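Here's a solo chain for you in structure tokens, the form predicted alone.
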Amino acid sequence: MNLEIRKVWAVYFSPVGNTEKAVVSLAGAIGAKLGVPVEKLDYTLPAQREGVNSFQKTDLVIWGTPVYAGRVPNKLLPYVQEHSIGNDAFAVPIAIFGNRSFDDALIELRNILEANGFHTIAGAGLVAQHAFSTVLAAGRPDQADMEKIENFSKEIVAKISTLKAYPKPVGVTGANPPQVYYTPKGLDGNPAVFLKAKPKTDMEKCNHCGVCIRRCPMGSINPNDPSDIIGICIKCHACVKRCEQNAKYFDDEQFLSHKRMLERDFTRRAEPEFFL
């Protein structure tokens, strides 16, 4: 059996860039050690989620997702489940979480990749700055995180060199199969309900540059009026964090209470977890 790797793929959904940074760094480190090219597959925007991607058995796919309510973002599940064919490629599922927990997201992604014909050989839950916050895990993945990612790349390459046959699915933590989503809570400890919360726009600051419209991963901002949210909002904060005018913001009280709870209760430095 030929288990040679000829290409490494960095595949990711990354509205604010944190998942991209972690996944591309890991894929690049592995590609450099193997001496093979690295290619990106970014499925953040609607236009990037139209086709079906078929991989080869000589590919190694680093597939990263941010964690939403402890799971793979549910609005992206149809794409992840239905738009890739593994063809016996190796894969490394990566769950990026904002300093609280990756809960069941990693095992959910692992299961999807296995069902799609990939062979998972490693996995990780990596920490990044929370999309909601400027202080929660600020600056992460930082230098210490990147050093651990570098070490992880070495371990993956070493494992590949020892494989003589396709391995069993990598063992990771989480409920199998995942059945529940994390329930957001407010400062008072009660569930915080903000599914219908949408970003507001300070039109005195807005210069109609169109960045928020172009960067919304759900295509939910009216192309003719950036203050008009015409579709679903997944609270990814792409519009908020990519607006150079600081014109986008959330004012929903339930959402803000949840954000403040996270910043109060999860200040400790969460550490990444690696599985081989």
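All residue numbers refer to positions in the sequence shown, first residue = 1. As the structure is a prediction and not an experimental result, all values here were calculated from the model.
Note that the form predicted in complex with a small molecule isn't included here; everything after this is about it.
Cys236 is the sole member of Leu26, Cys236, Ala247, Leu60 with a non-hydrogen atom within 4.5 Å of the small molecule in the model of the complex.
For the candidate spot formed by Asn18, Ala69 and Ser101, every residue has a non-hydrogen atom within 4.5 angstroms of the small molecule in the model of the complex. Ala131 belongs to the set of residues with a heavy atom inside 4.5 Å of the small molecule in the model of the complex.
Among residues of the shown chain, Ala91 is not one whose heavy atoms approach the small molecule to within 4.5 Å in the model of the complex. In the model of the complex, none of the heavy atoms of Leu106 sits within 4.5 Å of a heavy atom of the small molecule. Contact annotation: Phe13 falls within 4.5 Å of the small molecule in the model of the complex, judged by heavy atom distances. Here the chain stands by itself, but in the model of the complex one stretch of 69 to 77, 108 to 116, 149 to 157, 83 to 91, 69 to 77, has heavy atoms within 4.5 Å of the small molecule.
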